[in-house]
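Quick setup: one chain, the form predicted alone, written in structure tokens, and binding and motion questions come after.
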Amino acid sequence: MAGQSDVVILGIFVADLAFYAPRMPVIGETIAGSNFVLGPGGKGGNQAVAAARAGATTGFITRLGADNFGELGLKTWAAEGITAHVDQVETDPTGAAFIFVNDVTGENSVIVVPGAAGGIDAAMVDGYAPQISAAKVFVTQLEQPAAAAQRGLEIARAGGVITLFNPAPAEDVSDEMFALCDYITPNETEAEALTGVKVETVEDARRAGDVLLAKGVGTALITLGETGALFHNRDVSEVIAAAKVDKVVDTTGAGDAFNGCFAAALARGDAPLAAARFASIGAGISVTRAGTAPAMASLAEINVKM
């Protein structure tokens, strides 16, 4: 079918406005920053770029405003070879994200306003059912409404497509939604929010993973920052080491890099643990660069470090 992609991602696109400074200002205070970057972002958009650069034919389903930020998205996907499945509307603006990046540690805080993408609903997702069903891997998150994410997972599951759910930002979702997930990829904070288990150690992550498995998830892949990621299912519980890097510049896009690279590796037929190792390297490369989507690694860069 026309527009068929191995990896199809449902999510939001926003323009990232990243401010670099040694700390956040307190209320009423103004401080000087060291850098500013405007670029393409949104978890779904970032994951699509990561998957495409990692070698997967990639399609991205989203909703944009008819404005300059929306044009940024369309130009980004054209440049990256991503097939855009976009509803573009005059009624809502394209979303934006404020990102604070600590210019010493690379750690970040983010405020996201989804804008037009907040209007993604189950009916819109139904309109792209053929593209989802034809994929090898389907990916979604929670920056758009949960009902839309669930509908995408339902369509993918019905079509025999591998389902990957990145529950970020964390919110309450039904056990029915968990049961649609071949893979779920929370970070420590999101795992705690979903399971009630505070995740500070690998053993904590295993306990949280067990809760997710009990809810019907196939495999819990919990990202643990510098520790790496825990790949946890009923047969295997293994820590995937974080990639070693010389200097951390910006961690904002690391989780999206991991998800996009993992989806790309699964789509080409890698064994799941090997796909997770591939994803860890892709995430490690991303933190050595400023920005989110622009920081994603190429397949050649990842392969050099495999």
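Note that residue numbering begins at 1 and tracks the sequence as displayed. The structure presented is a predicted model; accordingly, all values stated were derived computationally and were not measured.
Just so it is clear, the following notes concern the form predicted in complex with a small molecule, a form of the same protein that is not shown.
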Heavy atoms within 4.5 Å of the small molecule in the model of the complex: which stretch in 23-31, 61-69, 234-242, 247-255 meets that? 247-255
Please state whether every one of the three residues E192, V197 and L230 places a non-hydrogen atom within 4.5 angstroms of the small molecule in the model of the complex. no
Is N259 one of the residues lying within 4.5 Å of the small molecule in the model of the complex, judged by heavy atom distances? no
So, in the model of the complex, is V14 in contact with the small molecule at a 4.5 angstroms heavy atom limit? yes
Is there a heavy atom of T292 no more than 4.5 Å from a heavy atom of the small molecule in the model of the complex? yes
Proximity of I99 to the small molecule in the model of the complex, heavy atoms at 4.5 Å: yes
Which residue among V112, A84, V89, L142 has a heavy atom within 4.5 angstroms of the small molecule in the model of the complex? V112
